[in-house]
Every structure is written in C-alpha cells, then in structure tokens.
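We begin with a single chain expressed as structure tokens, specifically the form predicted alone.
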Amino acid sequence: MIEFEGVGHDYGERMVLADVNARLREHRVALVGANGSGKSTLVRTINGLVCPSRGRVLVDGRDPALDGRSVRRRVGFVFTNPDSQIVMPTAGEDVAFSLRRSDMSKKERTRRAVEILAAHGLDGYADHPAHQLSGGQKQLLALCSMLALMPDVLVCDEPTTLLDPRNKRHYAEVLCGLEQQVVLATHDLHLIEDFDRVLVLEAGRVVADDAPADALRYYRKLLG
C-alpha cells in the first residue's frame, strides 16, 4: 500500500503540493491534472525521486525519504522520455543490465532479458540497437528493464505522451496486463477509463478521488 500523509512540497517559494492525503491499495490507480497540477511531483515522491517538504510517503510502511534503497527495490519508475532510461547498445543488453546486481550468471541474464522482451511485445528485438527502436518500442523497452527487477509497484510518469494513438493503446494494454500495482500519471484520459481509481489534482491538491467515470467527469468540468 502507498500512503500519502499530509504531503506538501515546494520548489523555492512556489508551492507544488499541499497537504495530500491518500491511501492507494487498488491494482491500477491513475493521477490526472493539468500541467503544473503537481501529479508528476507526487508520483516521484513514491520512490524518493522527490522528498516532500512536509509530511511523508510510505510504501508498505517504508519511507522513501529515509530508506530510499529499500523502497526502490520495490518500486519501478518509468519516465516520459524512454531515452533517459536506455543505457545499453541493444534492447537485450539494456534489460540484462537491470539484472547486473542479481545472482544470475551473464548467460542467465541474457536469457531472462529475451523472455521479458518477448512477453511484452518485443519478441525478436534482443539484438536490435536500442536507440533505433521506434518511440513505442523504446517505451516498451524502458518498461521491460523495470519489470526485470520484479518490482511490487510500477510508477509511470506520462509514459504515453510521446506515442502515437496506436502505440498508446498498446502500451495501456500492456500495463493492464501486469500483476504489479500500477500508478500512472497521464493526460490520456481514454486510456484509464477501466482503471480502479482516479485522483484529480489541481494546484497541488487532490480535488477529486473516485471511480474513473465520476473522477473524469469532474476533471472535464474543471477543464471547462
């Protein structure tokens, strides 16, 4: 379970989050809000990429601000731009690199990387140059590299922003099939209509927290 207890955050004199309180138990949770609403900052507190100025975040009882290494073993994070996460020459090497601290041999890491790629839409791409993949394929590769670590929670910060409609749908289908708890910050409202829960952020505050139909109806009214 992910808990936000009075979470607030400032960048200099600018308040970005204000007194956020929520407990996320559901399998698939989405956060929506206009640019600058605070949703990206909030999801980054889950694995300690951002430490709150006030309050605290707990992941199964662990505070990422105090025990970041332990939390990051449980929480995978996917960024908007996959190029910021791809570090190795080929797709297979990139996934295998995530397993470098495991007890697996190099041969086992290579085999596991091929399996993970095949399971999530990149079958046959293990030897393909990573940075020559399409945008959608790169985002799937970034996801595979996180899933190789077998996290309990997967946090995705607007991962479909750079994708075309077809790849957005495919990426959403992959997320929906994962056993991990998924926390997704997004602007693509149609992709989260079957999520379990949606939080709407405005000016750093949670202004709606409901099932998708009701939360998204509120958000669309908010947008005018």
Partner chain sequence: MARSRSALPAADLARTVVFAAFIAVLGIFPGVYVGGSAVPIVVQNMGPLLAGSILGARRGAVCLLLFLVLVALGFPVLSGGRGGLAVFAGPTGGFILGWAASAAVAGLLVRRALPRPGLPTLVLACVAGAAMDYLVGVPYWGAVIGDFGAAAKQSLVFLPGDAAKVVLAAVVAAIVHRALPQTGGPQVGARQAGDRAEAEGP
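Residue numbers count along the first chain shown, from 1. No experiment lies behind these values; they were computed from the predicted model shown.
In what follows, reference is made to the form predicted together with the partner chain, a form of this protein that is not presented.
- In summary, among the residues 189, 58, 178, 66, the only one with a non-hydrogen atom within 4.5 Å of the partner chain in the model of the complex is 66.
- Of the candidates 112, 72, 128, 120, 72 is the one whose heavy atoms come within 4.5 Å of the partner chain in the model of the complex; the others do not.
- Across the options 24-32, 50-58, 167-175, 190-198, residues that bring heavy atoms within 4.5 Å of the partner chain in the model of the complex belong to 50-58.
- Residue 16 belongs to the set of residues with a heavy atom inside 4.5 Å of the partner chain in the model of the complex.
- Among heavy atoms of residue 44, some come within 4.5 Å of the partner chain in the model of the complex.
- The partner chain in the model of the complex is approached by residue 10, whose closest heavy atom lies within 4.5 angstroms of it.
- Residues are counted as partner-facing when one of their heavy atoms sits within 4.5 Å of the partner chain in the model of the complex; in 145-170 these are 158, 161, in sequence order.
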